[in-house]
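Read the single chain below, which is given as structure tokens and is the form predicted on its own.
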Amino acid sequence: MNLRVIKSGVLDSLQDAGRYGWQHLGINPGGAMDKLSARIANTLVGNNADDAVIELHFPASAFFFEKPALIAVSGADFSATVNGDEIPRLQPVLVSKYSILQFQGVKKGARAYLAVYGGFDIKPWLNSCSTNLKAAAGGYKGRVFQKDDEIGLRSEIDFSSLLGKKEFATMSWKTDDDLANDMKEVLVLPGNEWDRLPDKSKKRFLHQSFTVTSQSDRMGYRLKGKPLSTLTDEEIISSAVSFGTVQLLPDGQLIVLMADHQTTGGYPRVAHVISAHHSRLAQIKAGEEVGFRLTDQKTAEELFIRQQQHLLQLQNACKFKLEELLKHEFKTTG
């Protein structure tokens, strides 16, 4: 049985941790924009942290469950409801057969993630289930979801006995995320061409706020602020870039490369957003502001390690809780 799309969203697709090992062929890693939130959603329902999830933008798709399922929603708060009743983020929810999951409005954030226990029955392309829209490959038919699409669910467990006559039931375990913190400040490391900026431009980069423009997408965030300049107009050799690379464009404005970035670039790389703040960056919407602050390698590593420790602790706790739930389920249906 499947998960059926009964209303299409603006740019909703299947994404996982990314497609690595193919950049030498011009195929970017892609994957979820907010990998931390995607991993949290998977962990809450007992999946492998890097399994495929549905990445949602608002207005988001609506889904019809053809069988009971254990789900979790993370990332942005889009006011998720099951059959009209609001359900929590960051907490697993059992939904009954024939339930409808909808998203009613944006409270905060830019992207939400939906994970389902057991995962989605999707054939990988180049070792990843992420949707590559440029190549029209991976994910669900290489494209965003459309009305009447049916996504196969791998789980064969029937959760009906745990629900009884309820349309949904909230599980006891949950977590928190970074959205309550100051999302507008993003830590960066100096890029290869940082020292090409004069002191005035360095100060401007670090002390002004930049607006994320409407031209932003999964490839990159175009920022609007007071223009920056370089000490020299000397061209640079096209070099490797990554998620979080901050490039200076010829007009003095900045672009921050995101999940679907190109594999190489020829613009000055003035900074790199630290890995631990990729999630913050991914949850900033067009029209909102972002500010940068320099940090050092040690701080960047410590923040990343702390983030991974949180995920590991969550994984252990969720595994224990889920095992208890499934023992009860098997005992009930056995």
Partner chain sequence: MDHPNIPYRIFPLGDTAITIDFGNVIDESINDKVLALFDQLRNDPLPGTIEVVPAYSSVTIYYDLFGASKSFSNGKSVYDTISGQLAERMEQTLPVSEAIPRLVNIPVCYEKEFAPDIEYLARERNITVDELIHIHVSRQYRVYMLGFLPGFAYMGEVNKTITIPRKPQPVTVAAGSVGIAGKQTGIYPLQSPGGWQIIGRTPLKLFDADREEPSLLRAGDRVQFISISKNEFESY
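Numbering follows the first chain given and starts at 1. Not measured: the values here are computed from a predicted model.
One more form of this protein, predicted together with the partner chain, exists but is not displayed; see below.
Novice: Whether Trp125 contacts the partner chain in the model of the complex should be assessed with a 4.5 Å heavy atom distance threshold; does it?
Specialist: Because a heavy atom of Trp125 falls inside 4.5 Å of the partner chain in the model of the complex, the answer is yes.
Novice: Check Leu231 for me: does it contact the partner chain in the model of the complex (non-hydrogen atoms, 4.5 angstroms)?
Specialist: Residue-level check for Leu231: no, no contact with the partner chain.
Novice: I'd like to know if Lys298 sits close to the partner chain in the model of the complex, meaning any non-hydrogen atom pair within 4.5 angstroms.
Specialist: So Lys298 counts as contacting the partner chain.
Novice: Can Asn83 be called a contact residue for the partner chain in the model of the complex at 4.5 Å between heavy atoms?
Specialist: No, no contact at 4.5 Å.
Novice: Find the only residue in Leu163, Ala135, Ile157, Val106 having a heavy atom within 4.5 Å of the partner chain in the model of the complex.
Specialist: Result of the distance check: Ala135.
Novice: Choose from 166 to 174, 201 to 209, 239 to 247, 90 to 98 the stretch whose residues reach within 4.5 Å of the partner chain in the model of the complex, heavy atoms counted.
Specialist: Selected range: 239 to 247.
Novice: Between 292 to 317 and the partner chain in the model of the complex, list the residues on our side with a heavy atom within 4.5 Å.
Specialist: Result: Gln297, Lys298, Ala300, Glu301, Phe304, Ile305, Gln308, Gln309, Leu312.
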